[in-house]
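A single chain, nothing else alongside it, follows as structure tokens in the form predicted alone.
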């Protein structure tokens, strides 16, 4: 078979399984199988493919058709300007989280501090922490996660990207491991679990059945982590320090209400993502 024939057959296979991104997924998986980028696939569409190459590719297509995420099949995901290693047990970084990175950078640039300190809670693959470190070498970043699997992934990404000297990845639960850091952080960021338990079952199967439940499930109404962390973050922030959370599209009122009720934050703002959905809540410590 040729490259084009493989792509066409794979696309139809995925489409028959109801996968909306069938063409893109087929391109990404074929490129991964052959060590080619997507552009190269179309530079020589009549290139013949060996039997072994075809077999390896269609094994990936079979797994994708069964719902396994493309990022787990290729072992990587692009985020910000970085390519991150990801795998089962690790939340796959999403483009909408880049909005949080943008606003975190804008805040950090505004500071007149030689070495701002940043805490990333629930770092997962290290996406947010590493994106910030890549843009601002002077940052002192602690990336925290309770999962040993996530910590290993984030540390590996930091090493692979040459950022291990800028990001300290630690395992532990917030806030217990941060008690010694009272008043230390100029910025705290997090993309916490915020999907309600009921909504978990309505997610696409590649998310619901494959990504780590503990990184998704925010409790009965999706707000458990915000209720717990909002009062606990304030003592860790330096004077005028900033707190930024990613939120669900329908959670702005609830999360800003929790921040206001805590009585230790000011300048509460909601930021929308590029799809026009509420995505980030940010505020300053009083």
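Only a predicted model underlies this, so the values are computations on that prediction, with no experimental measurement involved. Positions refer to the first chain, counted from 1.
Another form exists, predicted in complex with a small molecule; not displayed. Remarks below refer to it.
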_Proximity to the small molecule in the predicted complex (heavy atom, within 4.5 Å), stretch among 152-160, 69-77, 185-193, 198-206_ = 185-193
*Even though the small molecule is not shown here, does residue 172 get within 4.5 Å of it in the predicted complex, heavy atoms only?*
yes
*Is there any non-hydrogen atom of residue 214 lying within 4.5 Å of the small molecule in the predicted complex?*
yes
*Considering only heavy atoms, tell me if residue 136 and the small molecule come within 4.5 Å of each other in the predicted complex.*
no
*Can any non-hydrogen atom of residue 146 be found within 4.5 angstroms of the small molecule in the predicted complex?*
yes
_the small molecule: the contacting residue among 132, 91, 167, 178 in the predicted complex [heavy atom, 4.5 Å]_ = 91
